[in-house]
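Listed next as structure tokens is one chain, alone, in the form predicted alone.
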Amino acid sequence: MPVVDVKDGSVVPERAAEGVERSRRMEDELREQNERFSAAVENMSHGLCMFDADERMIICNGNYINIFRLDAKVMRPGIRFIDILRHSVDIGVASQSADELYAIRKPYIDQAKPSTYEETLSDGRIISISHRPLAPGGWVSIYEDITEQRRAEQDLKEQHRRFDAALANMSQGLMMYDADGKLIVRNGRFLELYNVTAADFPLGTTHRDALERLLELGIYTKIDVDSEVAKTEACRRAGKMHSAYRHLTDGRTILVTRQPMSGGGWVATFDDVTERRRTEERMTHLAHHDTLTGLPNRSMFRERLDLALEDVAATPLAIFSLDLDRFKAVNDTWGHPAGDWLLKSVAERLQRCLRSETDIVARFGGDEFVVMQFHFKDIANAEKLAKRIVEAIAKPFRDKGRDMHVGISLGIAVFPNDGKDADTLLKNADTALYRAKSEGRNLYRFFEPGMDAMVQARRALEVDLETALPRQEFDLDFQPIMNIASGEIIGAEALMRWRSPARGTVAPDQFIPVAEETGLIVPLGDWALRTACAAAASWPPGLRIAVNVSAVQLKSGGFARGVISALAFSEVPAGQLELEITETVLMDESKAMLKTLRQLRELGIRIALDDFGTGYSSLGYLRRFPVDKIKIDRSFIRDIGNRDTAAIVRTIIGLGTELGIVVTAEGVETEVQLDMLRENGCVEAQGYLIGVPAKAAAIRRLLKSRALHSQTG
């Protein structure tokens, strides 16, 4: 079949026809290749522009035009490279002139090998430009917007800088291990804490190697490396944090905390807690021991007694309740310092009287001591100990050339005959003690079921107490509270007094416990609150009135209403009222009680924690319930000359400062005590040095005179 030339319609010879066909196929293939090339170029993620040897553009893609914000109508094949640069300058994309840009790019274009450089556009974008020379002349350039990449790199670099700064300045040592258990990070604080060098713990060290190295260097006391490695691995697999104390051979204590990381591995931090642990130990010792004598206190004794009674195989034991005879005369004659010295001397003699290492002597407060005798065999066994105690205390106590003579009375209750629980045993021992005192003192008596005289006396006290309020036998005294820094009186504490026609003046520690046990404290406390607020209404504005509140009052349903009513009737602002509670209030931890306290606090009423440090766990209560004030117990202030006690007082003041809680010192009686409190930043003081408790009229005159002096001074 003849082949017709498509141009002129003539018939092409057969051989020539074959050439035409091949030419047509080549044109089709070239066209397809060009189409594929154009499609590939257009779909590239980067910009592309190709130039010939005369620096004229052959082809460019849309990404190139978009990157440089160029006009697609201008970007036609054949446009010169310099004209493209001028166009970019005209539209404001380039940050330099066309000639400057050309001078920068020309050396890269002329190179016979590939080259890459970066260019910053006027809008701050950073473009990476890669030149590739073409064999016939010209070049092809690839353009990539790397702005975000550079920002990410800069952010990462900044993160690394901050991380390094944090590592270098953190107070804790740090070691970080990867998923293979190899050390990848350690800071200078770790090296400083352990007094080691970087060469001792190079990166790549395993956890096991690190522990063994610390043992080799004599830094750790003996530890079980296998066990520690296993614990760490178990915590890592479980995704749980683990902490342990490490005791160093130089006496320091390091808290090591290991925290697993989400991507594998873990971070170990090292914190020198030596001083904190010592303070905690002092506070713990203080919570369980009497500050004056060093003997176990009531709480520790009760814990030991409860443990002993929980033992199903417990052998009989005896409880001795002891009370000094004529101790008040020593205080009245020679003063409290002499009385304190005597109490410490009595404590030493009592300890020497014990024969068994398991026996315990504790001080419950004042001149009241308690002994628990284990391995009790029979009555004769208890009598021997009682006689030793009576004889030891009967001997004179000589101090500063003077002899002090006191005696001691004892009441004894035996487990299980006289009680199977701690409360019953202690109560019956007290009952026997009162019998001994009533029969002449300096005696010991065993509890007998017929000892009901004390019960009758107690009932008589309850009866008198029930009628005392209606008969208006109660009154309030007020003791001023001073701001230590300014010396100004900022308020006063209301102190309840019972002046019975039959009994005379009854001490608060005698009738308050009875009132609490019988519930009479509720109406009595309500009266005290209303009376105190009424008295404060006549004081100069801004002076606070502090009123003690019992746990029994707070448990009563109408306490909050009573407080609000007292404020409303007296027209005293809520911010002037301060309710003083003891740890026994917070120990209850009932939701209703804590809710009541929070409601009152939200009204603006201040809450103070009285007798701080003498209870079970003061720090724990501060964590669970925020208060406005803590009052350091007078026993600490009395013994503030003692180094350990002074350290505790400083710790309490520092704790108050850290928590933003006002600290008031009770029982301040000397200028020396006040100066020490002032030096350590204590905020308020209360005691005989500041002012003795006075009647409402007297305290009103005092407060008004101080206020007038403040205004005129």
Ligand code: C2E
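Quick note: we count residues from 1 along the sequence shown, nothing fancier. Small disclaimer: the values here were computed from a predicted structure and weren't measured.
The next section is about a form of this same protein that is not shown, the form predicted together with this ligand.
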Kindly indicate whether 497, 521 and 667 are, all three, within 4.5 angstroms of this ligand in the predicted bound form, using heavy atoms. yes
Looking at 442-450, 279-287, 571-579, 603-611, which lies within 4.5 angstroms of this ligand in the predicted bound form, counting heavy atoms? 603-611
Proximity to this ligand in the predicted bound form, single hit among 549, 318, 295, 563 (heavy atom within 4.5 Å): 549
Work out which of 512, 347, 255, 392 lies within 4.5 Å of this ligand in the predicted bound form, going by heavy atoms. 512
Taking this ligand as it sits in the predicted bound form, is residue 508 near enough to touch it, meaning that at least one heavy atom pair lies within 4.5 angstroms? yes
So, in the predicted bound form, is residue 556 in contact with this ligand at a 4.5 angstroms heavy atom limit? no
Does residue 656 make contact with this ligand in the predicted bound form, using a 4.5 Å heavy atom cut-off? no
Does this ligand come within 4.5 Å of any heavy atom of residue 147 in the predicted bound form? no
Neighbours of this ligand in the predicted bound form among 681-698 [non-hydrogen atom within 4.5 angstroms]: 687, 688, 693
